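Below sits a lone chain in structure tokens, taken as the form predicted on its own.
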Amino acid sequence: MQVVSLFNYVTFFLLDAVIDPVQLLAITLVFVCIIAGMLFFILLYLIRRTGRSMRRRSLREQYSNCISELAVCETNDELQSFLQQPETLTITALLQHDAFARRIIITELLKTVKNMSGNAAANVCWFYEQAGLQHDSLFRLQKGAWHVKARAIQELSGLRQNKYIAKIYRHTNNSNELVRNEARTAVIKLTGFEGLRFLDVATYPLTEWQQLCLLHELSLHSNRIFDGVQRWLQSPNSSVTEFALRLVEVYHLHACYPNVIDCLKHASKPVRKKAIAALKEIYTPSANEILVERFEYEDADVQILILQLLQEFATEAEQLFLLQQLTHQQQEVKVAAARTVYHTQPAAEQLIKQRVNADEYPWTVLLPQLKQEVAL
């Protein structure tokens, strides 16, 4: 007990000698001030955010009513009359000096035009120009961060600003993926198939999703121009070649048949796979011999695609080749070959049984299944 008491005495003595009570009080006050300051700024931020949210909601309601009236205008006189209405004048006056209000109305106009077509959508795009809002989008396109540029491109293309196509086109090969994807989609949206000229200079890859987006935008245009497809099939950018093969597949471009055949020897496996898919849509009988020659140089997954294509077009000339694949090392290839034989060769079951042991797996299961498929 005496040792403990002595230890406590020494401890309190040292603390009292080292820490000045005045300094301790000062430090405590500093920490209290810091915490109070943090709470104050959090409160200020929440108040400001709530205020902006309420104002945003109020502006959206006001703009919604305005846009509804704008959409139903049918003549130029009605549009001019709309501009002179007190509510419209109030809005345009506000837009001249309030950047926040301009951002909100641009968003509302963009959302509206996506859900409209014809004259109503044209009216919305007309007001976007009349209010000078395109200048905001152009400024952000030139000066903004990458996500701001992408948003600006969406605005200009969604609100049909074709006259700025050159400014958008410059970003189709932008180093930022999101910016260049938006720009590529935008030029197709604004100009249709003519916008595909960016493929001539594309050095960055087109992702699978980007290719699907471009095909969707192209499907909305009727002015189909395919002059560059054969050139793109020989592009050093393999993703451009892959996209060109998609165009061949979707639009049945038979004139590109020789180029598609060349793509069967492409260094990129995805290109070779896409070439097989395209070949199915522009098939000619001479393709069979070429596919058979390429078969041994391919991996199993590409070999299966070749067999699936031959399942529709194989003749008796390919019978020996198909029967040889029944003893392939990969079981999936065996199954694909057996299915092709069953769908294209006369007396298929007898031919298969001559090559394999029908009492062993997988043939005990596969042969009855194939027979049922053919019967259906």
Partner chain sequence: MKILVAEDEPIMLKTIALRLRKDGYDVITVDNGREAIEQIDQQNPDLIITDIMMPYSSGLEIVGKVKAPGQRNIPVIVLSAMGQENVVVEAFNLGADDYITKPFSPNELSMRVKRLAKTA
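On a predicted model such as this, the values are computed, not experimentally measured, just so you know. Numbering follows the first chain given and starts at 1.
This next part talks about the form predicted together with the partner chain, which is not shown.
**Student:** Looking at heavy atoms inside 4.5 Å, which stretch does the partner chain contact in the model of the complex, given the options 178-186, 72-80, 250-258, 288-296?
**Tutor:** In short, 72-80.
**Student:** Consider Gln324 of the chain shown here, and say whether it contacts the partner chain in the model of the complex, taking contact as heavy atoms within 4.5 Å.
**Tutor:** Contact with the partner chain, no.
**Student:** Consider Lys111 of the chain shown here, and say whether it contacts the partner chain in the model of the complex, taking contact as heavy atoms within 4.5 Å.
**Tutor:** Residue-level check for Lys111: yes, a contact with the partner chain.
**Student:** Is the gap between Leu309 and the partner chain in the model of the complex 4.5 Å or less for some heavy atom pair?
**Tutor:** No, Leu309 is distant from the partner.
**Student:** Hey, in the model of the complex, is Ile67 touching the partner chain, heavy atoms inside 4.5 Å?
**Tutor:** Taking the distances in the model of the complex, the answer for Ile67 is yes, it comes within 4.5 Å of the partner chain.
**Student:** Counting any non-hydrogen atom inside 4.5 Å, which residue from Met116, Ile165, Val271, Ala101 sits next to the partner chain in the model of the complex?
**Tutor:** Checked against the cut-off, the match is Met116.
**Student:** Looking at Leu133, Leu94, Leu215, Ala120 here, can you tell me which has any non-hydrogen atom within 4.5 angstroms of the partner chain in the model of the complex?
**Tutor:** Checked against the cut-off, the match is Ala120.
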